[in-house]
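Just the one chain here, the form predicted alone, laid out as structure tokens.
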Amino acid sequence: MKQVAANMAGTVINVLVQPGDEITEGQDVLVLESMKMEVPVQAQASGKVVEVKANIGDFVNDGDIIVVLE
């Protein structure tokens, strides 16, 4: 099973995908805010979104799994 991990620690300010969406490698899946900067997180692989593990307002750490792909 493929996964998308956070590339930095930060607060989730926007979730751009939901379960059932088909995404492609390099597509933005959510946006993190850290130190007043907005940083998009891209998918490292293509696939169908099975689960989104982060919600708006959640704090994630570098390496946390935020999206699970089929």
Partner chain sequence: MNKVLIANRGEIARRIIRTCKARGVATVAVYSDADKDLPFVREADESVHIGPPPVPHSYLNVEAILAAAKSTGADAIHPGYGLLSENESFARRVLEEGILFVGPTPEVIGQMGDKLTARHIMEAAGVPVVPGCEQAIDSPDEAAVIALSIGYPVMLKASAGGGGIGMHICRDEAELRQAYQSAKGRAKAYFGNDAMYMEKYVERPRHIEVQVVADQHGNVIHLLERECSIQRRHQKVLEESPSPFLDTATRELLCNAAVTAAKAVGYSGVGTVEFIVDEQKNFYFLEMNTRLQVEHPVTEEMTGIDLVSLQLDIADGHPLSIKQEDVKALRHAIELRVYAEDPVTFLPSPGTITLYQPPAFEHVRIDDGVETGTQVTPFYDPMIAKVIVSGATREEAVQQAQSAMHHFLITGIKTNIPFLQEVLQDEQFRAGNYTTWFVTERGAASSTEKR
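Numbering follows the first chain given and starts at 1. Since the structure is predicted, the reported quantities are computational estimates derived from the model, not experimental observations.
Absent from the display: the form predicted together with the partner chain. The rest refers to it.
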inquiry  = How about M37 - does it come within 4.5 Å of the partner chain in the model of the complex, if we only consider non-hydrogen atoms?
reply    = yes
query = Is D62 one of the residues lying within 4.5 Å of the partner chain in the model of the complex, judged by heavy atom distances?
reply = yes
inquiry  = Is L16 near the partner chain? Define near as a heavy atom within 4.5 Å, in the model of the complex.
reply    = no
ask   = Is Q3 close enough to the partner chain in the model of the complex to count, meaning some heavy atom within 4.5 Å?
value = no
query = in the model of the complex, which residues of 1 to 17 put a heavy atom within 4.5 Å of the partner chain?
reply = N7, M8, A9
